[in-house]
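Below, in structure tokens: the form predicted on its own, a single chain.
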Amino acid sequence: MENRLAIEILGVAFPNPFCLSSSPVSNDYEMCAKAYKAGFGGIVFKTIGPKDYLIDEVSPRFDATSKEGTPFLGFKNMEQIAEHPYEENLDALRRLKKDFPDKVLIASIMGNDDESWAYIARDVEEAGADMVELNFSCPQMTSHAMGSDVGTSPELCRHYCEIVRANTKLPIIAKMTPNLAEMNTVARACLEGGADAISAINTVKSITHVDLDKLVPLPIIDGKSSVSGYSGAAVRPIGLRFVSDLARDERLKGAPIGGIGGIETWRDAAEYILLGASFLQLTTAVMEYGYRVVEDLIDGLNRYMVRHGCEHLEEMVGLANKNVIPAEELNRDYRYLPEIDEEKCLKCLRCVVSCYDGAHQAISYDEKTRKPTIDENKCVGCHLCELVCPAGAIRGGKVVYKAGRKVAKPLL
């Protein structure tokens, strides 16, 4: 049977769109080999830096945010690029390509000047990489000549893409930082410099917690801490927004997009693909659940495609973007009023409290019937009540159009 998840990107055949990100989960041969065997279609080997650039990591270097018993809602990571010797990293690439010739091998690289960007690009091509990803986005490098400080500059990104393009024939992916207001300007500069594709996003600069007794943010390293990258499910909405922005930019048409950020389930993967991503990268989900998370991703995405009659992954890419429009174009004469399912209702009154204190005082508790009721004359259809209901007892009901309502022009 034909593989529905197979996709060709820039002449490289991916068995499926799921790849390891350049990160702690793709740090050496053994880890990447295990991921291939688990079912990942590709790996992005942990970023290889200059020959003489010493990586000295801190301890501890992780923190996580959680909510209501859900661990790893967000994850803070202070690791930098690959800490192994330069030649050891190249040898790992050679072994991986030799042992897994049908899997995709992407070398992530990061230089700190023209010379290092050039020789690293040549060396990873010689070692057998199928593609090269330029890391313009790591937020915790100790050098301002590397990582996200470079990735916020269109001029530097264009320049380093030009250097790499002159030194390799491999397809080039530019990896974007989310630590800016808009990404498209930098992405366009990368394509102008010779990049062929874009991947987004890397981690978001963060401070996750503060120890309230020691007065030090976490993790605490010998009494101090630092700003570093935030990943996991909490950043997925940011990643989805940037991927959609890139995919809808006419000046970036034709450039494949790699989706990164908070992918844990097949639903997460489908959302990225529907908003324009052709291939996907994971880290935090693997750190929490292991490489076998890919089995559920493959199975779930396959089943979704079957249900929707989708034969090839390319058919899904970007389909949802036609429904992403500027806020000023949304229909403001449309109201979608909620309804309460009395059989499911627990009468906990969460909806009453949230509506009164956080919305439009449209839900009240009827002492006679002993149930919450919605006043449609006050309800604006914001659906806060639906989101806070722990029993799923509130859903959308009837649609009301405010016919003849005069819509105010936006203020300039």
Partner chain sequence: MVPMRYLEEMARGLDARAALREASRCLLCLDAPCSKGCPAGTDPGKFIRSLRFLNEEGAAYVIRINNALGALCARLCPTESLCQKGCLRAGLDKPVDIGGIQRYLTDLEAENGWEFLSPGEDTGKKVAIVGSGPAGLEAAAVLRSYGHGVVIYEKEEQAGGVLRYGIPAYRLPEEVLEREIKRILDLGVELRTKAEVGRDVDSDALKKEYDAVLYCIGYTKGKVVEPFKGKENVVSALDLLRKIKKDPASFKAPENVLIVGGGDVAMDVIGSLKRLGSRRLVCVAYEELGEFRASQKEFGDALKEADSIIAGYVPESYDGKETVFRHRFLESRLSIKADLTVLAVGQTYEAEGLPLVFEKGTVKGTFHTSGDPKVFFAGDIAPEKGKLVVHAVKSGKEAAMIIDRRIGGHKNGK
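Numbering follows the first chain given and starts at 1. Predicted, not measured: the structure shown is a model, and the values here were computed from it.
Omitted from view is the form predicted in complex with the partner chain, to which the following refers.
Of the heavy atoms in A38, none are within 4.5 Å of the partner chain in the predicted bound form. When contacts are judged by a 4.5 Å heavy atom cut-off, A391 counts as touching the partner chain in the predicted bound form. Within 4.5 Å of any heavy atom of the partner chain in the predicted bound form lies no heavy atom of H383.
Contact annotation: R350 falls within 4.5 Å of the partner chain in the predicted bound form, judged by heavy atom distances.
With the partner left out here, the partner chain still marks one of 26-34, 63-71, 48-56, 371-379 in the predicted bound form; by a 4.5 Å heavy atom cut-off that stretch is 63-71.
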